[in-house]
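Same chain, two versions here, written out as structure tokens and called structure 1 and structure 2.
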Structure 1
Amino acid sequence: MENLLALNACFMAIQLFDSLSRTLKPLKASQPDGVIRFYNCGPTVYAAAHIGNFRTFVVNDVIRRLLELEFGAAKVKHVRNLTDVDDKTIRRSQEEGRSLADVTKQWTEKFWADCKALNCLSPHEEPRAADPKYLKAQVNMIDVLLEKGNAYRSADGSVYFKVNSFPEYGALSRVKERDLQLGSALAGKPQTADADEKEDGSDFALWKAWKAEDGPNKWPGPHGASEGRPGWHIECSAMSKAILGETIDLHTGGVDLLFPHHENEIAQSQCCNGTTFANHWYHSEHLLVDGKKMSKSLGNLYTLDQLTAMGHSPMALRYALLMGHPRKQLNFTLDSLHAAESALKTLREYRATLPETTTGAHEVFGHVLTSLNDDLNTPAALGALFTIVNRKGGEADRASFDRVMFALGLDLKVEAPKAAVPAEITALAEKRWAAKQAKDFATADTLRKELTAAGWAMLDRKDGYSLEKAKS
């Protein structure tokens, strides 16, 4: 890592599109210590994250890596939360008759394992919303909002944020002109289970009073409120403040979080702290399947486990997720994984041709890094990389190439796993091998056709055979 950072010479500063100002802006540290404070909204841990979620986390991992290259690893503080208490996590624990902690621990560990397989760097801190320390931070923040008149208690002991107490509400999503009118028009009419308690349809819950379906999951609330649990939005405001301070340099998430989640975070934080919450907002676009957002609720998802069971490597998935511009929707296909696997093979072979001794010609890959720093243009970066790779030779050396692999987070040591061979396929192959040994070629041919129809290719050698899954 150190020698990667030492090669900083021709580095253009990273610029990202800022969703609030709607301009491309360089990333800067706002505090005198020069540390970039980076908060990325994390997963809700009630099931395996799908590869759409991982598009967002891989994109954020590239941001983290580019920040480290530019500012130095010690000057980047990356926080990503775990939503381990909300409607979905509680519902799942109630359905399964397990404690909330048990369910969320299982899916947190799965999330970590998938992140590791995808070569995502661990955030420096990963606060959990249900951690007593952070529950307290959330309650404290709600207390301040109540004191300042930005929040009110409802009859059932919940607490709501009063949207019209914050004139800047809507600046991020420009929602004011559209949905807020809708929200007001619907005020008084129940839109959600909570809506009948709100003073205005656009107000949102900071604290949710306990209901029977919450089971044993309840905690002491803010001043004068009932026992219950925090609303979802407050966790990010409270935890980012507790760890990174009142003003952060970069806040990110998938585009679906822009409204209402991030709009509400701004309202809560700025009303509580009286200062700018985040200097830069970056939102990456969705991964689609057949033109629709991949989501747990639509059930049109792939998990990393499903793809590895088909014989694809996590690194191929990472590569495929980077093939599209992060601020454009990307339609996922299994074919893109084949293309990614062969690109990784080319990169492995190319690296093997490079001299270990440093040639000092770091600018060889300058265009790749410049493309990444230019609003994370990953397809342009991969294009520039392959222009160099296909040219072969040149002045590149391993250190400069490895620096590019570090930025993209591509670990070339990871090979595609061999797909597990189902027992019935092994049985067919054994039968065919025996037929062939017995020179019963007609039976051997029939059995080969059966294997092919089942999606497997049998490769014969003199002394035995191997099985390969046919490309789907």
Structure 2
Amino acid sequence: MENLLALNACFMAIQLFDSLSRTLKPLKASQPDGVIRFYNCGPTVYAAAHIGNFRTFVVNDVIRRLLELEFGAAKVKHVRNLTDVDDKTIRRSQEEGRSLADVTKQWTEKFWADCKALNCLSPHEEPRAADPKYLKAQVNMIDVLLEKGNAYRSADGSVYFKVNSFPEYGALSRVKERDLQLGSALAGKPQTADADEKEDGSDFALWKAWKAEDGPNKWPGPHGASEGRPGWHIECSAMSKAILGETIDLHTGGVDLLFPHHENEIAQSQCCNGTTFANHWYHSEHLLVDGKKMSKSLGNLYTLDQLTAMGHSPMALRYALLMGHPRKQLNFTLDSLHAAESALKTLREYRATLPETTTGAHEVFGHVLTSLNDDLNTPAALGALFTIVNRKGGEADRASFDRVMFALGLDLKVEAPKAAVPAEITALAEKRWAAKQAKDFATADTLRKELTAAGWAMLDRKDGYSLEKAKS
């Protein structure tokens, strides 16, 4: 790592767009110890994370890697939470007749396995909202907000944050006063069962009183409140404060969290602590699939397991997720995975031609790292990388090339699994390809339907075809 740091010294500092100020700002440490305090919102562990979730986690991983290259691994403190108590996790445990701990353990381990497959670095700490230590931290914050008059208890024993007690509310999302009313289009939530307990429709829950549908999942609440569980928003504020302190240097997440989650984090944290919560906010955009928003009803919500079952490697998915600028919507297609596999093959072959070291070679890939440090422009970085690769020759070496692979998180040792294609499926595919080459399109269409009925998709290319297990 020392060599990586030395080689990186000549390149520009990391600059990221700040969602709060709407400006491009350099990332820097705010505390005397020089440590970058980095928090990103983690998953709700009630089901497998989909590839849209992993776009955000891969983007966060590249940020983490760039921070380590610039500041050194010892000067980066990365925290990612696990939401293991909320409406979704409790509902899943009740439906399955299992304890909340069993359900969330299962899906936490699945999330970890997917992160490892995608070569994401583990956070330095990964607090759980239901951990007694952090439940206490959440209750303590709510007690402070009650004492300061920023929160109130409702008749059923829940506790709500009083939005109008924080004049700066809405600065992050630019949400207007009229848009905060319950059921508004921007709030994006229909009127809920506990709406009558609020003093104002824009207020949000800090603590939810126990209800029968919660089953055994309840804990002692703040002073004067009923037994119940924390609201989703207070979890991140309390865990971030407990580990990183009252002010952090960078807070990230998907754009879907900008409002209301991150807006609410700012309000409750700054009212409780009396100081700035986060100096820098970064949000990545949505992932589309075949030009449409992902949804179960459309059948386009992919998980990593589904893609690997089709014969695609996790590294191809990681590469595909980096092909678009993180702050712009990215359209994912299965064809993009084929392009990613081809690109990774080219990179493996290129690396094999490089000498171990060459004097001054670290400057060869300067434009790649500069692009990454310039608002995480991953498509520009990949473009600069392949300009060098396609040029061939020059002073590049493996050490400098591997530094770029580290920054992007691309493990070139991981290759696509070989899907076991039954002999009869291969025979059908060969017949269809021959029919297509002979321009017998009627026969080709008939054979494609037979392949589809058998659970296989045949993807045509100019130079041949590939077979994939169809998504179930």
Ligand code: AMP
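This one's a predicted model, so the numbers in the text were calculated from it and none came from an experiment. Please note that residue numbering is based on structure 1, beginning with 1 at the start of its sequence. If you superpose the two forms and keep the largest set of C-alpha atoms that fall within 1.5 Å, you have the rigid core.
Engineer: Looking at both, which one would you say is the form predicted in complex with adenosine monophosphate (AMP)?
Structural biologist: Form predicted in complex with adenosine monophosphate (AMP): structure 1.
Engineer: Relative to the superposed rigid core, does the CA atom of residue 291 travel 2 Å or more between structure 1 and structure 2?
Structural biologist: It does, since the residue 291 C-alpha is displaced 2 Å or more between structure 1 and structure 2 after the core fit.
Engineer: Is the C-alpha displacement of residue 23 equal to or greater than 2 Å between structure 1 and structure 2 once the rigid core has been superposed?
Structural biologist: It does not, since the residue 23 C-alpha is displaced less than 2 Å between structure 1 and structure 2 after the core fit.
Engineer: Would you say residue 407 moves between structure 1 and structure 2, meaning its CA shifts by 2 Å or more once the core is fitted?
Structural biologist: No; that C-alpha moves by less than 2 Å between structure 1 and structure 2.
Engineer: Core superposed first, then measure: what is the displacement of the CA of residue 442 between structure 1 and structure 2, in Å?
Structural biologist: Displacement of the alpha carbon, after core fit: 20.6 Å.
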